[in-house]
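Given as C-alpha cells, the chain that follows is alone and in the form predicted alone.
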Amino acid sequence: MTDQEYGDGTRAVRAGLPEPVKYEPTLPGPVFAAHFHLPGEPTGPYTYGRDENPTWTHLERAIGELEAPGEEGVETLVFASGMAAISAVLFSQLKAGDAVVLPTDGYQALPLLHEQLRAYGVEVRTAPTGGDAQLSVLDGAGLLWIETPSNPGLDVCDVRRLVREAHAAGALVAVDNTLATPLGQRPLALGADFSVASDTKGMTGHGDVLLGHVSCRDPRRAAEVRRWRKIVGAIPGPMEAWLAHRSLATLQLRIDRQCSTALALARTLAERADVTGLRYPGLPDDPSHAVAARQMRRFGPVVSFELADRERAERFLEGLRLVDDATSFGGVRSTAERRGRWGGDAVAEGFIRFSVGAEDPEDLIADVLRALDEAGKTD
C-alpha cells in the first residue's frame, strides 16, 4: 500500500514523523532555540530561530501530508495564528494598484484587512460566498480569496468553478479551509494556489493553541510567503508547534465524531418550530448541500441557526450545561455563541453559531433540547 492509499486516520497518526531512531521518541520534543551553532558558511537548514526550527519542520511536513497526500512539491509554512497566515498570503501577493476579491460573509476580522489593504493602495472588492457571486467582481483582480464553508453563515461556493474562472482571468486563488480542515476538503486538489487555515480551530482541536498555516505548490509563491513571515516575524513558538503536531494524531477521530454529531444535531433542530434559518452543508435540503457534496469529504462541526430574538438566544446559551459560551470552533468541547454580540457579522440578533465537540451525541442533543425548551418559557 502506498502513502496515497492510506486512510485519513493512518495518515493523521503518522504525518510528519521522522524516521525511527533507536531510543529516540517517535515525536521529538520541542526545540527551544533562538540561534544554532553555525561555524563557517550558513548553508545548513537551521541558522536562526526566526527563520526555521526543527519542531516547525516536523509540523509543516505533517500538515503538507494531510493537505496533499502522496504529492511532492507542496510546501507548508506555519504561523503564529490564522490571521498571520491570512495576512502573509494577501500582503506577499498584492501590491499597490492590484485588486483583490474577498467574501462579504467571511471571517469577522477580514474588514480589518480591507482597511489595511486599501491603505497600501490595493483595491478591495467584495461579494457573498453563496451562488459563486464573487465571480461577478473578478474581472481584472490579481487574487480571489474564498472562504468555504463561510463563517458563520455556512454558505458554500464551487471551488473548482471559481478556480477555473479566476485562473482564466489571470488571478490567483486562496481558500480559507479553516472550517473544513484537510480531512473535509483539499483546496489544492480542487485547483487553488493556496490553502490557508487557522489551526487554532479544528486542526489542533483543544482550544489551547494559536496557530495558522499556508500550503502551496508553487515554490516561488511559497518563497514569497516565507519572506513575509521573516519580515514580520509571525512565527509560532516551538511549544505551540509541538502541541499542534501531537494533536494531529487524533484529527480523524475528532472530525468524524464531530461531523456525525453535527449532522444528528442539525436533523434534530430541523424538527423544532422555534428554530429558523438552520444551516448545515451535510443536510440534504441545505441550499449548499449539492455543491458541498461534490467537493467536501466531511461537512464540518459547525451548525448555525436563529432563535426568535437576542433575549431568547441568550437564555438558550445560559441554559446549556455541556456547551461553553465561547467564540472559537472546532474543539473537542462544544461551544456556541450569539454572533451578533460582536457586531461584525451581518446576522440576526438571535443567530447562533454552534460548534459540535466530542461529547456523547445523546448527551449533547439532550442538553440542547432542554436549553431550547427552557429558553422558550415565558414568565
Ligand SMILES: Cc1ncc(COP(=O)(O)O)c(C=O)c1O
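Note that residue numbering begins at 1 and tracks the sequence as displayed. Given the structure is predicted, the values throughout are model-derived calculations rather than measurements.
Note that the form predicted together with the ligand isn't included here; everything after this is about it.
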Worksheet item: Using 4.5 Å between non-hydrogen atoms, is Gly82 touching the ligand in the predicted bound form?
Response: yes
Worksheet item: Using heavy atoms and a 4.5 Å limit, would one call Tyr107 a contact residue for the ligand in the predicted bound form?
Response: yes
Worksheet item: Taking heavy atoms and a 4.5 Å cut-off, does Val78 contact the ligand in the predicted bound form?
Response: no
Worksheet item: How about His245: is it within 4.5 Å of the ligand in the predicted bound form, going by heavy atoms?
Response: no
Item to complete: Tell me the stretch among 95-103, 115-123, 194-202, 286-294 that has any heavy atom within 4.5 angstroms of the ligand in the predicted bound form.
Response: 194-202
Practice prompt. Sort through Leu263, Ala127, Ala308, Leu210 and report the residue having a heavy atom within 4.5 Å of the ligand in the predicted bound form.
Written response: Leu210
Worksheet, complete the sentence: With the partner omitted here, the residue among Leu144, Val156, Ile86, Val303 that in the predicted bound form has a heavy atom within 4.5 Å of the ligand is Ile86
Discussion item. Using a 4.5 Å cut-off on any heavy atom, which residues of 174-193 would contact the ligand in the predicted bound form?
Written reply: Asp176, Thr178
